[in-house]
Ligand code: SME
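First comes one chain, alone, set out as C-alpha cells in the form predicted on its own.
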Amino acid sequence: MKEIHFAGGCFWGVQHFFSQVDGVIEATCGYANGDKNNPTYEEVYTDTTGFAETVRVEYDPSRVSLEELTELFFTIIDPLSMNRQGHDEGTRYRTGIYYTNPIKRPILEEVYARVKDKLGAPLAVELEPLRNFFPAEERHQDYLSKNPEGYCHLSPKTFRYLRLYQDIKLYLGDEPDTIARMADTAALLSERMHFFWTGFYRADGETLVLGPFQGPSACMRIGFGKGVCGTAWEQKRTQVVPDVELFPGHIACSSASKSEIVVPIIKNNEVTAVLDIDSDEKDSFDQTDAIWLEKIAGLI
C-alpha cells in the first residue's frame, strides 16, 4: 500500500471523492505542512498555523496508479486559484500535493506539466515533500457520509461522473474495436446521465460521419468547421454551448436541442472523432461536464 497527500480546499469533499476511487484503501482528513504539533481545527481555521486542509490517500498501486490519482485530483480543483476553492478562502484552503517518497516526484511533475500546458498558465498548486500530517478530529472524518446534506464545494455531478468514468473504463476493458467502444460509451452515458442525445461523429476526410448514438435521428454528415461539432474538430477544443440558437452557424439536426457540449477525441494531435451531447434544456453543461467528458472521451 502507498500513500499520497492531496490538499484541494475543504477536506470534506476531497475525502468523499477519493474514498470512492477504485483502488483507494482509505482516505483520511487532516492537516499538512504546518508549524506546530497536533493542531486543532479551530487553530488551523485562523490561518496562522501554516497548515492546509489535506487528505491522506492510501492506495493499492496494483489497482490504481499515482498518475491516475493525480489526474483525478486535478478534476476536482481550480488549479489556477490561489488560496481559494469554491466559496472557501484562506491559506488553509490552498491546493497542493505532498509526497513522502521523492522517487514519485517525476510522475507528479509530468501530470503538472500536462495540466499547465493545457491551461497555458502557471499552476497555483504546491508540489512539496510532506513535512508533517495530523489526522483531523473524528467529527471531520467521512463527514459527507454522516451528513449527506452537508456542505461540499464540489458539484454533485462530480461524484456521479467519477462512478460513471470508472464503470466505463472497467466495462470497455481491452476491447480493441473503436466502434464497439463508442457504442457502449454512448449507451452508458445516456443511461446514467439521461441526456437528450448522446453520440459520436467520426472524422472521414473533410466531414464528420455519424457513429454510434443514443437518441432521435441526427445529421449523418457535418463539414469541417461547420456547426458546434465541426468547430470542435477545427479548433481541437471542447465547445460548451449554453444556447445553440446563439451559436454562429449552428446546424439544427433537431429543433428540440437547446444546449450542447462537444468534445474532440484526439490521437497523435489529430481529431479522429467527436463526442456530441445535446440537452433539451438551455444551460445544461458547465466546466464539470467538460472535464469529465474529456476524460471519458479519452477512453475511446
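Note that residue numbering begins at 1 and tracks the sequence as displayed. As the structure is a prediction and not an experimental result, all values here were calculated from the model.
What comes next is about the form predicted together with ligand SME, which is not displayed.
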item	value
Joint contact, 164, 169 and 189 to ligand SME in the model of the complex, by non-hydrogen atom at 4.5 Å	no
Option from 253 to 261, 66 to 74, 48 to 56, 30 to 38 whose residues, in the model of the complex, bring a heavy atom within 4.5 Å of ligand SME	253 to 261
In the model of the complex, residue 228 touching ligand SME (heavy atom, 4.5 Å)	yes
In the model of the complex, residue 218 touching ligand SME (heavy atom, 4.5 Å)	yes
Interface membership of residue 222, ligand SME in the model of the complex, 4.5 Å heavy atom rule	yes
Ligand SME contact at residue 93 in the model of the complex, heavy atom, 4.5 Å	no
Contacts with ligand SME in the model of the complex, stretch 194 to 220 (heavy atom within 4.5 Å)	197, 201, 218
